[in-house]
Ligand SMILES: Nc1nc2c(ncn2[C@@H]2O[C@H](COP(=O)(O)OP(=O)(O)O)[C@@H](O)[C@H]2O)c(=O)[nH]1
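Below you'll find only one chain, the form predicted on its own, shown as structure tokens.
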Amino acid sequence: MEDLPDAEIPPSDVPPRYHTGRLPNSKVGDGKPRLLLMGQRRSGKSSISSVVFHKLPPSETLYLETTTRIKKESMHSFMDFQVWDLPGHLDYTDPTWDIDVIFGEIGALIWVIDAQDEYLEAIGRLNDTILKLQERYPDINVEVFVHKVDGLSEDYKSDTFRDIIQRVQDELSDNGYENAPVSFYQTSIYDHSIFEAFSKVIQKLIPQLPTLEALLNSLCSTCRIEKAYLFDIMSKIYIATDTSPTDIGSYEICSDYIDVVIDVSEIYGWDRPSENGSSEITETGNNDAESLITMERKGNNYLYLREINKYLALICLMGDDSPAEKKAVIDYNVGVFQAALNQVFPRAEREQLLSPE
């Protein structure tokens, strides 16, 4: 792991399909990737944003008002990005709209479809949006959240999901747009599926993802770790994991563990100062993290958690063949991983990215 050149991004002839927030035709130039939440009215866009980024209990989303204007929010974490919640009743493909203002620095277009409602109109508007944006942004990644699946039976849930995928792909193909970069997820705010989906979306915005995966693979093989996640503490989104298969069960265990960490750290942990009286969290770079190391047995697995910096935490799942007696060796190797991560995200590079042009 100490041989960092081996962990660099491997060469590839295929151009990556992500935006880093600085597009050639950008008018904003603020360097913050933008997540656009779009879809029909009452599809659940505001509920998703409130649960994932503001920790609103899902039961309280019933009282959210319908979005009538574009809501813009800046999220300050390991990567600064914006979340725009767009009202469902407006047609943004109308010529009177300046699409460069809305889509100029797009990181991901997240289209939310209510699986419990009639979705043919939603699919039609989604495809119209994709086809019009494809002319100007041919490499745009579109993420489709088939939402509110918690209210459907297992059989009907699968049938609905397959039907939506088939209808979207068939209509795009009929219009000459083959192999469109559209991804589909089944989501609900009442379980961990919405966080899992957002994790996949955010990972596409991180150019250093192959390097992070290589570092985590190296850590897992060295310490005989079954699964390792690098979590954003505030949102419970994991920005990287090793390349071994991911199952929702292991993610749920680690996500619940993050909740405990947040509750404890709010009382005893980081002083998260506000700037100029603002409630927004400010980024100060990759400082050394507060010392929080724990190894706990959960069923047949050991859980190992360590804060990497102010916003990131490493959580590892280990079996009985990785007992707590090896904790000193694991601590050392995680320290090496932490040093490598600080080189992948150096402070000088972050300050350059975040400085105004």
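Bear in mind the structure is a predicted one, so any value in this text is a computation, not a measurement. Each residue number is its position in the shown sequence, starting from 1.
Although it is not shown, the form predicted together with the ligand is what the next lines describe.
Among E171, D163, D128, D150, the residue placing a heavy atom within 4.5 Å of the ligand in the predicted complex is D150. Between the ligand and the residues N175, Q116, Q134, N217, the one pair within 4.5 Å by heavy atoms in the predicted complex involves Q116.
In the predicted complex, at least one heavy atom of T61 sits within 4.5 Å of a heavy atom of the ligand.
At least one heavy atom of Y190 is located within 4.5 Å of the ligand in the predicted complex. The closest non-hydrogen atom of P33 lies beyond 4.5 Å of the ligand in the predicted complex. Taking the partner from elsewhere, R41 is found to have a heavy atom lying within 4.5 Å of the ligand in the predicted complex. With the ligand omitted here, the record of contacts in the predicted complex names 141-149 of 119-127, 154-162, 238-246, 141-149, defined by a heavy atom within 4.5 Å. Scanning 158-177 for heavy atoms within 4.5 Å of the ligand in the predicted complex gives no residues at all.
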